[in-house]
Each structure stands twice: as C-alpha cells, then as structure tokens.
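This document opens with one chain alone, in structure tokens, the form predicted on its own.
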Amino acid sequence: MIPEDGVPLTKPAGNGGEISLHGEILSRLRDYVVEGNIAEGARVPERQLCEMFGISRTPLREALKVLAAEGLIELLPNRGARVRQLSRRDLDELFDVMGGLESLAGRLACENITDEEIAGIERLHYEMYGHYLHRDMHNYFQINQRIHERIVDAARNQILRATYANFAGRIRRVRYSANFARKRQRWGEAMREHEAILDALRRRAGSELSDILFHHLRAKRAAALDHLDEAETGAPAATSSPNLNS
C-alpha cells in the first residue's frame, strides 16, 4: 500500500527510465485504488496523489488512462476521474462471466500446461500461503492474482486471455475487498480452495479444475456481496487494515 507520507518516484538512469517510471506509478496507483483507499464513486484526488508520488500530473494521468481501460476507474470529460462503482447486478453478471472464463481456462490449461509451469504455480502457491500466515493481505492478493493469470496463460488461447484481462480489472477491487467478509471467513476459505486448485492442476484433472474454479468465483461473489451489504448498512467491516483479518 502507498504510505501516507508518500515516497517520491525517481527516474532511473538509462533509456528504460521513462518506462520504469510509468510502470511503477501504474502499479502503485492500481494498488492504491484496488485496496480501497478511495471510495467507490469518489473522485480521484489528482493533486494529492501527485504530492504523494512526487510527480507531475502528466504521468499520473497516463496511468489513469490505463486504469480506465482496465475498468477500475472512469474518466470524466474535463472533470478528472472517479472510481468505478459497481451495482449488485454488475457484480452478479461480472462474476458469472469471470467464473465461466476461469472454468474454461482451467479445463484448457490441464490439456496444455507443462511440468515447469505447474512447478512455477506451485512455488507461487506456497509464497502466497506464507503471506496468508502472516496476514499480509497486500502481497497475498498480488500472488493470488498471478496464480489465476498463470492458469489463464497455460490455456494457450489468446482470445480467452484477452477477454479475461478485459474483465479482470473491473472486479479486481471487489475481489480484494471480498477477503474481508466476516460471515464467510472468506480468506481462510479461499486458501483452502487454492489448495484444491493446485491439486487438480498437478493431476491435470481438467473437468475437476473447471468446476473448482467456477465455484471459487461464486464463493468470492457471495463474499463480495456480503461486504457490500455491510458497507451499505453501515455495519462494521471485518477490518480496514491489510495486515489483519478475522
């Protein structure tokens, strides 16, 4: 998460400096939005973020364009940007689509994945488990997303990959917040589901992995709606800290 006092970003020496600077701004801004530091529907505070990052508005706005393309924010004509707000119907439909895409990816991945790719996903899994044990939500979530992306990559289907990337950004913030749903003890459940995902992948059990991934997204949707209900009714959330979770 971006520290409140901010750390100015410096441009590295060499021809790759501008690209590196853009990538770092984009990554940190994406994390800042995904982790709920700006309320849904709220305007993006460009001046505050520029001060936080130690940058001008030009690179910030370039990063905002990317986040708009990913579906995390909306660009407002001559009025800056705001965080995209999703309705319950939006969530229902998006999670259904994502569940279908990940289900298909799991089936195809089991047909095409290499031993080296499985080993790589296994390493990520245990790295993620370490973050889970330390209640490090930020890094847990980062690795979690990489695992899902690796499975999609292993499907060897460029249309599927492009479609998945198009929708993944729209619910990335919601997938993060779903881990805080108290009633379902979502974080622990998600970890156990990932154990089952890895087991099916090792065995290349395509039909089984397809079902696991679909129900994994359904469970995530239910947890996201629980969290949305808490926010709408004013009930206390499980926690607002990325390092604590019930």
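Basically, rigid core = biggest C-alpha set you can superpose within 1.5 Å across the two forms. Numbering starts at 1 and follows the sequence shown. Just so we're clear, the structure is a prediction, and the values are computed from it rather than from any experiment.
What follows is about the form predicted in complex with the DNA, which we do not show.
Engineer: Counting only heavy atoms and a 4.5 Å cutoff, which of 103 to 111, 121 to 129, 79 to 87, 135 to 143 contacts the DNA in the model of the complex?
Structural biologist: Partner-contacting stretch among the options: 79 to 87.
Engineer: With the DNA left out of view, which of Ala196, Leu26, Ile38, Ile55 would have a heavy atom within 4.5 Å of it in the model of the complex?
Structural biologist: Looking at Ala196, Leu26, Ile38, Ile55 one by one, just Ile55 meets the 4.5 Å heavy-atom criterion.
Engineer: Taking heavy atoms and a 4.5 Å cut-off, does Val44 contact the DNA in the model of the complex?
Structural biologist: Val44: yes, in contact with the DNA in the model of the complex.
Engineer: Whether Gly206 contacts the DNA in the model of the complex should be assessed with a 4.5 Å heavy atom distance threshold; does it?
Structural biologist: So Gly206 does not count as contacting the DNA.
Engineer: Check whether Arg61 has any heavy atom within 4.5 Å of a heavy atom of the DNA in the model of the complex, and answer yes or no.
Structural biologist: Within the cut-off, so yes.
Engineer: Is it the case that Leu21, even though its partner is missing from this view, gets within 4.5 Å of the DNA in the model of the complex, heavy atoms only?
Structural biologist: The answer is yes: Leu21 has a heavy atom within 4.5 Å of the DNA.
Engineer: Taking the rigid core as the superposition reference, indicate whether the CA of Leu75 shifts 2 angstroms or more between the shown form and the other one.
Structural biologist: Indeed, Leu75 is displaced by 2 Å or more.
Engineer: Compare the position of the CA of Arg47 between the shown form and the other one after a rigid core fit and state whether the shift reaches 2 Å.
Structural biologist: Superposed on the core, Arg47 moves its C-alpha 2 Å or more between the shown form and the other one.
Engineer: Quick one: in the model of the complex, is the Cα gap between Leu26 and His194 smaller or bigger than here? Answer closer or farther; it shifts by 3 Å or more.
Structural biologist: Compared with the form shown here, the C-alpha atoms of Leu26 and His194 sit farther apart in the model of the complex, by 3 Å or more.
Engineer: Do Leu26 and Asn144 move together or apart in the model of the complex, judged by C-alpha distance changing 3 Å or more?
Structural biologist: Farther, not closer.
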